[in-house]
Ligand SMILES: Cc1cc2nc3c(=O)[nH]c(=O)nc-3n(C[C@H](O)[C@H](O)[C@H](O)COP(=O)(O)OP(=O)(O)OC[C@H]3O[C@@H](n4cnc5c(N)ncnc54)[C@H](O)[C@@H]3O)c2cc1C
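As structure tokens, one chain now follows by itself in the form predicted alone.
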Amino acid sequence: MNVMVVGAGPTGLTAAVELARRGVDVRIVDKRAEGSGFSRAVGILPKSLELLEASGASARLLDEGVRIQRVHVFQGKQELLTVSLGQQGADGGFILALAQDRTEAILRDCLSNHGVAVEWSRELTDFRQEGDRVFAVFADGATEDFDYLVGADGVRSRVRDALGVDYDGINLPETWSIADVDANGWPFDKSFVVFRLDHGRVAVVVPLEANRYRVISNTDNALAALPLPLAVTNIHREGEFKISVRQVDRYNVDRVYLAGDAAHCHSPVGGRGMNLGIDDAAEFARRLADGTLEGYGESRHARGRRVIKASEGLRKFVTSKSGINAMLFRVLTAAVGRVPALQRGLGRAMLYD
């Protein structure tokens, strides 16, 4: 049996690793010339670490990443709440923060241990399905056939477009901004910090490694939005981005399957995007090995729908410009701060779906 994986981000690499370690003949291609040097997604949840344990990737991720065990919530400069994730258990009471480019590099190394390398500058342009074969057509004119094809090629997926499945949803109007920086003296070097600001604005600071941080905001300048000083010594990257909230109506057509951002996308609020893609990929590999692929589409669509609903609910609440919501935010954070059981419940919700 042979499988073609299109896209060498975390989702595609997870699919390739999980297939290869099960003895499946797998190839993985990407139209880019090399892996991204950007640190896009940064939070790796306990379930993802569990899924990647058998391949050996988790141990290496844990060696490099920062274990985030607390979340600090501010209203402006005033701290309202600290949630300890460590209360959820010594083994899983943290979110692992690591730049996405390092996560991808580790997954590529694990894949190479199985004798598989990413085929860079290899662009899929089309495919056709005939019987029990998928014929993939590449930009150089070559055509090759496979038992299955997995589209993990992102929000602008060529595989999804060629399948003709609907990618229903909306584009949010606001612009978000991002900055990856080196900084000295930030007191929350092992914590997520969430700032709720006036008029529905938010800013989040996440450690990436020693003295390196990711800052995200729903404003046009993430660093300027911070109400507390961050002593920046170097800027690795700054940029702006828009958010779409979408999900395909079908996760597969016959022998071609979709996973990760090719199948769903949503806001970064809640930190579920990359983790949901890893989960998609791992389930595809497991179901292929178990002979239960017919259940993949229904299972992943339901899972994606739940994650998108939760992520959107949280985004709308936190970024609401309503004065009533602002008051409710203060009331709820005060209540959670006074009741340990509520803190434990919130901490668990941050770690597990």
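Heads up: residue numbers just count along the shown sequence, starting at 1. Model, not experiment: these values are computed from the prediction.
The same protein has a further form, the form predicted together with the ligand, not shown here; the description that follows concerns it.
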Single option in D147, E79, E123, D182 placed near the ligand in the model of the complex, where near means a heavy atom within 4.5 Å: E123
Residue (of G93, P268, G200, G169) lying close to the ligand in the model of the complex, criterion heavy atoms within 4.5 Å: P268
Tell me which stretch of 26-34, 302-310, 58-66, 318-326 has a heavy atom within 4.5 angstroms of the ligand in the model of the complex. 26-34
R158 within 4.5 Å of the ligand in the model of the complex, heavy atoms: yes
Quick one: does P207 come within 4.5 Å of the ligand in the model of the complex, counting heavy atoms only? no
Can you tell me if F135 lies within 4.5 angstroms of the ligand in the model of the complex, counting non-hydrogen atoms only? no
Please determine whether D279 contacts the ligand in the model of the complex, using a 4.5 Å cut-off between heavy atoms. no
Give, in sequence order, every residue of 184-204 that has a heavy atom within 4.5 Å of the ligand in the model of the complex, or say none if there are no such residues. none
